[in-house]
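Let's start with one chain on its own, the form predicted alone, as structure tokens.
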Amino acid sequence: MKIDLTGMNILITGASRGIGQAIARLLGRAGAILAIHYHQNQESAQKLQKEIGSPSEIFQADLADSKKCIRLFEQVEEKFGHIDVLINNAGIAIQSPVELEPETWIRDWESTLKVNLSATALLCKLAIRHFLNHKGGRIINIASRAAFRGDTIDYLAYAASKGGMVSLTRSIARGFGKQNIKAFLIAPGFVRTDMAQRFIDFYGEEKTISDLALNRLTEPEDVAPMVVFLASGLADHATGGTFDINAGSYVH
């Protein structure tokens, strides 16, 4: 079955690399018009936009700054007129051992939650307001298996931030379904990205893949098809649901 997203306007955060880039590419191939968000990697975002083609556009914003989050959403509204789907993909993972001094540890904690949870929540709030004025829409939040099985002790903030995304997504799905607003959660396991590579380099690839049911690490391209499927509306009655893409490393 070929999915056609022609005419759909989609905002995706953190699209200049990794999972976000793979999702954006596949959405573009399906005909979607993309608002491609990036933080620092302008060159990669521009290359992606050129690959996908007009009328998709790139937008820069530091999601750790709530004012810039708001401005990002406003800019996309101004450019495209309406947004059909919001994909909250951007995230950070800071290695922060519990042995750190409290001031350093809490700084890492707050930095992680600003990007992974607070920015996601704010963009969801703005999207809900927008969707209520445009007969509905869809939100797809990219969390992690860490939200359910936890993470290593060096990444407590990351796991907590992703756990918060779970409750946020489910609350939106239950609270706004009758207003034609759907919300979904994707929970990848380890995916071969730049961010995950730091963990792989530290702990070793053998340890990273030792608990997989499959024989290779998940790639960004393994995550993208499910996001495109959810964006299409073909699975709207799964609103509030979590879709695990973790090579069988965590099953619940």
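We number the residues from 1 along the sequence you see. Because the structure is a prediction, the values reported are computed rather than measured.
Another form exists, predicted in complex with a small molecule; not displayed. Remarks below refer to it.
Item to check | Heavy atom contact within 4.5 Å of the small molecule in the predicted bound form, the stretch among 74-82, 90-98, 168-176, 125-133 | outcome: Of the options, only 90-98 has residues within 4.5 Å of the partner.
Checklist entry - Is there a non-hydrogen atom of Gln40 within 4.5 angstroms of a non-hydrogen atom of the small molecule in the predicted bound form? => result Yes, Gln40 is a contact residue.
Checklist entry - Using heavy atoms and a 4.5 Å limit, would one call Asp62 a contact residue for the small molecule in the predicted bound form? => result Heavy-atom contact with the small molecule at 4.5 Å: present for Asp62.
Checklist entry - Wondering, does Ile19 line up within 4.5 Å of the small molecule in the predicted bound form on heavy atoms? => result The answer is yes: Ile19 has a heavy atom within 4.5 Å of the small molecule.
Checklist entry - Hey, in the predicted bound form, does Lys162 get a heavy atom within 4.5 angstroms of the small molecule? => result Looking in the predicted bound form, residue contacts with the small molecule include Lys162, since a heavy atom lies within 4.5 Å.
Next on the checklist: Please identify the residue among Val191, Ile33, Leu26, Leu48 with any heavy atom within 4.5 Å of the small molecule in the predicted bound form.
Outcome noted: None of the other options qualify; the answer is Val191.
Next on the checklist: Between Ile52, Ile58, Ala224, Ala196, only one gets a heavy atom within 4.5 angstroms of the small molecule in the predicted bound form; which residue is that?
Outcome noted: So the residue touching the small molecule in the predicted bound form, by this definition, is Ala196.
Item to check | Non-hydrogen atom within 4.5 Å of the small molecule in the predicted bound form for each of Val115, Ile142 and Tyr158 | outcome: Yes, each of Val115, Ile142 and Tyr158 comes within 4.5 Å of the small molecule in the predicted bound form.
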